[in-house]
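Form predicted alone, single chain, as structure tokens, below.
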Amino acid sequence: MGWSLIRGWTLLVYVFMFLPVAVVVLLSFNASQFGSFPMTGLSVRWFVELAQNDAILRAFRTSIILGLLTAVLSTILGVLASLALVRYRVPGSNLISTLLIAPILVPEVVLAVALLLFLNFLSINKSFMLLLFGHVIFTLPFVVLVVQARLIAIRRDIEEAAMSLGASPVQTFFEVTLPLMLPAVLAGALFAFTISFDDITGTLFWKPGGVETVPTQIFAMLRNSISPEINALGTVMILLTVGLPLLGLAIARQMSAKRGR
């Protein structure tokens, strides 16, 4: 009886959390321009208008470029930091690990305001590079945690065996260590991209004038009116942010299965 109540309550919580998302997806196919029930019919009209909206297309390009750059930089820095902390004896490694993970522990709005005030103190104006820098700071801890967990599971003697057979440390990393930790690296990169693509709190503080990402564009559109295009844009965002991690998980499993054979 107790477990039945827990399962029922869990189901209600999930319904409460995801029902608004389902409503947004459903209304994005509503033929009427008024987002209300009952729906007058099904149509992809709002997706067509979305594809013809120049402001939204610019925001998409900005978000994709920003997300890719964030993923590349966060992944490179995260892999290097994880290697240093796991494979080598670095003085103050515990303090460094705490500092790397600190952005997860600090509320994002506090981090955004602190970074903005610090750069204003240094007389550095808002720019795309500042926006990229802030996104890297916020996404780097996720990459470090994922890669570190995988790197700890890789036996050190495998790398030592490769070096004992004549491989240099660089060759050992690219031919032994990196292939073994590649699923975690890809997972960290996908985490960084999706977090950067979805971020709005820090982006509102760090973005320069005239630069909009998809979340800030949605926010700007909501301040004026609730357009059906917002529902279509929300559906696209949901597909990207849910589909990419699932795709990454499928690729990681396939790679692990091939390596197991």
Partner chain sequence: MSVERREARQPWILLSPALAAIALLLFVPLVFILIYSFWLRTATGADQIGFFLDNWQEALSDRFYRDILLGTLKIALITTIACALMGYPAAYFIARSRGNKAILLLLLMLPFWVSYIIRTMSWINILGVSGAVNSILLSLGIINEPIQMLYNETTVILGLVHFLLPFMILNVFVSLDGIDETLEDASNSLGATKWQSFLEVTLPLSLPGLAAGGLLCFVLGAGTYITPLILGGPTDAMFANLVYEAIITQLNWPLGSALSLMLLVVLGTLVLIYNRYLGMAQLMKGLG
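Residue numbers count along the first chain shown, from 1. C-alpha atoms forming the largest set that superposes within 1.5 Å between two forms make up the rigid core. A quick note: this is a predicted structure, and the numbers were derived from the prediction, not measured.
Another form, the form predicted in complex with the partner chain, is not on view; read the next lines as being about it.
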Legend entry - Non-hydrogen atom contact F128 with the partner chain in the predicted complex at 4.5 angstroms: no
Inset, instruction - Mark L182 yes when one of its heavy atoms lies within 4.5 Å of a heavy atom of the partner chain in the predicted complex, and no otherwise. - result: no
Inset, instruction - Using the partner position in the predicted complex, report whether L66 sits within 4.5 Å of the partner chain, counting heavy atoms only. - result: no
Inset, instruction - Considering only heavy atoms, tell me if A250 and the partner chain come within 4.5 Å of each other in the predicted complex. - result: no
Inset, instruction - Check each of A153, V72, A84, L178 and return the one that places a heavy atom within 4.5 angstroms of the partner chain in the predicted complex. - result: A84
Legend entry - Sole residue of A55, V44, L222, A51 within 4.5 Å of the partner chain in the predicted complex, by heavy atom: L222
Legend entry - Residues within stretch 63-100 having a non-hydrogen atom within 4.5 Å of the partner chain in the predicted complex: L77, L80, A81, L83, A84, L85, Y88, V90, P91, I96, L99, L100
Inset, instruction - Superpose on the rigid core, then tell me if the C-alpha of S93 is displaced by 2 angstroms or more between the shown form and the other one. - result: yes
